[in-house]
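Given next, in structure tokens, is a single chain: the form predicted on its own.
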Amino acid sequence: MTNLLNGPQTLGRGRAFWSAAAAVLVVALVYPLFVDSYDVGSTAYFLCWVFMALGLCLMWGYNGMMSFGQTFFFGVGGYAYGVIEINLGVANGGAMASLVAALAVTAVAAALLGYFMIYGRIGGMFFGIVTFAVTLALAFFLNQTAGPEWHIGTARLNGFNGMQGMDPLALPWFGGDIDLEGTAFYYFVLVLLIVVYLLLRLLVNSRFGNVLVAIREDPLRAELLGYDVRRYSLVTFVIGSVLGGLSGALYCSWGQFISPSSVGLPAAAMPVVWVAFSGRSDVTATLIGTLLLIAGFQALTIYSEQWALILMGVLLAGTVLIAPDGLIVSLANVVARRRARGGAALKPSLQER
């Protein structure tokens, strides 16, 4: 397992990286002790969005499927959680069961959509176009569900006003459920993010991950070597999409609200910007870059949402032109090359001695 965590498909290997990661984790754990509850809640909000970026990184960076559908599955997961939780209730583990059911609904939706696209030989830019189309279709549908007839059980969709009335997550425990709000929700999402990140490192450095990279580089050659390219791609699409649904369900639980604007045009482009800016070929770079961009975007939104969107566009264009591999990955490569040159320069001096 250690070899998989430190495999060649991810940045960050060795004692120095894991020591720095442990230090960051300690800071994250003690962070709520030194800030007010509002800042803790805002940080938990940032963390909720990272899952969909990691899912897109897996699909696009490792398998070569450029998808605009992460916000589609964000909406599916979020609305599914809200509808199921409102009808099921929070007591006796109902909220946590609603989260699991929402992820199952997202997986089924991803499997259906992915099957028709992947086995229908839709690839390249057309893959992005189809996922973008279904995302806009979902946003358009949700916007026109404002009437009282648009309900599922006791849950009303409420159109452009957004669905509300769901309860936050609660963890079943002896003697009663533990409400996951504020600091408790922050720790829950933090632990979940760590687990997902480590599992993704294991996945991409495993034989499965190596096959994904082979498909990305040359799908025909991978198929000639005997690998079922479409099956690998479909499984990857489902995993990445479920992570998008997880972001949606956590967001819905965090704010007890979700609206079609979370699925619209600007929202659909955001995960692509995060992953492209960070470095789509590496989950570690995506994790770091996404957190930096979301925090910066939210800070700018306080002053002007329009300027924040313009900056996102400029960052995407600049990254494509200057650092096509992503800023975080490019910086890591520069550091690695300098270390390699330093080591090469050190060898002659040692030989002279």
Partner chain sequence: MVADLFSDFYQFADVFAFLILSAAGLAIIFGMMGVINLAHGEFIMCGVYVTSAAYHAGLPLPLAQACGAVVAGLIGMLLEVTIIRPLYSRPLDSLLVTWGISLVATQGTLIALGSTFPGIDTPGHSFSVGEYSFSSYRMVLFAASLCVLGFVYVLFMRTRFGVHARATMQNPGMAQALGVRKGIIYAVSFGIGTGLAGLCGALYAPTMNLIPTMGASFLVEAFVTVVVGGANVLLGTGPAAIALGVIRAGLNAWYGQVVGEIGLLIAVVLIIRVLPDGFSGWLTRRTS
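Positions refer to the first chain, counted from 1. What you see is a predicted model, and the numbers here were worked out from it, not measured in a lab.
What follows is about the form predicted together with the partner chain, which we do not show.
This chain is displayed alone, yet in the model of the complex one of 147, 120, 172, 89 has a heavy atom within 4.5 Å of the partner chain; that residue is 120.
In terms of contact with the partner chain in the model of the complex, the residue from 165, 153, 176, 124 that brings a heavy atom within 4.5 Å is 124.
Although the partner is absent here, residue 132 sits close enough that one of its heavy atoms falls within 4.5 Å of the partner chain in the model of the complex.
Heavy atoms of residue 314 reach within 4.5 Å of the partner chain in the model of the complex, making it an interface residue. The partner chain is not shown here, but in the model of the complex it comes within 4.5 Å of a heavy atom of residue 306. Although the partner is absent here, residue 66 lies within 4.5 Å of the partner chain in the model of the complex, judged by heavy atoms. No residue in the set 107, 257 and 296 has a non-hydrogen atom no more than 4.5 Å from the partner chain in the model of the complex.
Annotated contact segment (heavy atom within 4.5 Å of the partner chain in the model of the complex): 135 to 143, selected among 89 to 97, 181 to 189, 246 to 254, 135 to 143.
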